[in-house]
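Just one chain is shown here, as structure tokens, and it is the form predicted alone.
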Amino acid sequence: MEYKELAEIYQSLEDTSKRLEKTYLISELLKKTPSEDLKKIVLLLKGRVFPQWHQKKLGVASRLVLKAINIATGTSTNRIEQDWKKTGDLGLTAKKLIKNKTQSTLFFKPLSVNKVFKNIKALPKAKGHGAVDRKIKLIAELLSSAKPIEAKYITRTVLEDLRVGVGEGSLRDAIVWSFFGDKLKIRYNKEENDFDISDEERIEYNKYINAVQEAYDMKNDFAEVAKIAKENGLEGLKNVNLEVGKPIKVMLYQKAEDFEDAFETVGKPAALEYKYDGFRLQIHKNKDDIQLFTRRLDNVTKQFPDVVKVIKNNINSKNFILDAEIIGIDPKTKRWLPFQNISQRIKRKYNIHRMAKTIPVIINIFDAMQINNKNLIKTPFSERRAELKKITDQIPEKIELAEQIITDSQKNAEDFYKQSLGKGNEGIMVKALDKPYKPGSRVGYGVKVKPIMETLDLVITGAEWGQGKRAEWLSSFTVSCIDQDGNFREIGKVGTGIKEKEAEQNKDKNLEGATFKQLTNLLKPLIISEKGKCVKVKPKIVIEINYEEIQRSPTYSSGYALRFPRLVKLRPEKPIEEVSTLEQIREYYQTQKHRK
């Protein structure tokens, strides 16, 4: 399949904001995609060559791509940079310069999807001496053979900034439309941006949507799901299972206003558990192989040899997938430490065993997705907890099941809540006893109760270079939420709560917050465009924000703005797909005290 076909679909997707039209465009592409290219096409539609959970990352800086454009077009780096600053998009710059080159070129060998995929996938393999030159050569080879529109999207894919707005919902529905559309008699009306379907057909349609969604919940990879749907149909989707070593999205929990709201959402009686201030850890084991994954699906097994040892010796099951929270402990006072302390261990590459002694941890296990080859996703929570209890040898301050009570009493809930706060926790979780585990979804099977206005987890998508003594630092950080199609929507700028100098560790070793220098170092490799003092960055750095109020605003693409936003802390463990949603922002706006 020629890459030009995919590039033209990219452009059509970019040109429309209509979700159904995007679904139709993707479905038509998938219908005509040969089986051997299907998985590649689905990954590329999300701007990837590896599944989200895969440990290999492209990690290509803009300057490296700029050099590849220089080689492919013969244009000086200064001129490329000048044009880049005008367009604010290195992809558009590549398109323009390749177009100028093609006017004097007689022959181009068509680029195939396979060739583009192969070259981009090879980028992380380039390591050691000469790695940068090999990466530049791989990119330049593609750009030298590319048509202008192809160059635009090759550049964006390499920079992991595709900008075509393909959300998970559109991709899921497109798989149904592609491979089951004739059977379901799906009739898309492009002019009205709607598809005709009767109530009876809707019931059948939803069966297929649910089958694709459930398969994705197990695989966490739409590329695999699409191939299964095409080759094995509905029965193939129904037979998809969890696979140890491939992390899935964890279940998410919405915030309840109070205990009355919590019980109304999950039902009575309910399980109440401590909400620990640690980091989420997904634990996989198959025989003697144990792997640990963060909420971002990063593999951190090497960083936590102490956790691996405790798991191996104290959980009696040949294979499993467990959901847990890891808390740091002060080895002298035995007090639980806030998340920012233990986050140091996530990033650690050297002196790991020394760090394990400096910041030991407790493993608090609170859920299970698989135990002894038995898939527990659809099993009620009360049964999943019982299975956990059977296989776990609990050791105080080493490995424990999450502290839990089961009650239908609001007074008992409030007492347990105070007890949790007294231990330094963030609040409590209230969970339905009879509900399944739903990966990656806030469906009301469990809620959290916290003592303060809900903070927002937002991703930095832009910034400005400072002035005077801050001239070398980025500041005034643009933050964004995410909409249902996976697009980032700006909601304001934050510049307070950020320190100018590295804060000394106090007696509690409270490392929350961040410095301008620290944020600048994190964001500089992520810069994808510059205009004057303003930069746009790849969405990757998640921060927690508190604020006084959410206001309506035409200034930002979300339609909302934060009044007096303040950075609370970095959230390195949080994937960008789980930042606060536009829907949540609307809900918080509607429930602000003065609007009740």
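The model shown is predicted, which means the values in this text are computed figures rather than measured ones. Numbers follow the displayed sequence, beginning with 1.
Although it is not shown, the form predicted in complex with ligand AMP is what the next lines describe.
In plain terms, the part of the chain that comes close to ligand AMP in the predicted bound form, with a heavy atom within 4.5 Å, is 270-278 out of 114-122, 270-278, 239-247, 343-351. The three residues 253, 429 and 571 all sit with a heavy atom within 4.5 Å of ligand AMP in the predicted bound form. Checking 101, 227, 163, 295 for any heavy atom within 4.5 Å of ligand AMP in the predicted bound form turns up a single hit: 295.
The contact residue chosen from 221, 325, 173, 150 relative to ligand AMP in the predicted bound form is 325, the criterion being a non-hydrogen atom within 4.5 angstroms. Interface residue remark: residue 362 is not counted as part of the site for ligand AMP in the predicted bound form, having no heavy atom within 4.5 Å. Residue 450 belongs to the set of residues with a heavy atom inside 4.5 Å of ligand AMP in the predicted bound form.
The closest non-hydrogen atom of residue 402 lies within 4.5 Å of ligand AMP in the predicted bound form. Heavy atoms of residue 438 never reach within 4.5 Å of ligand AMP in the predicted bound form, leaving it off the interface.
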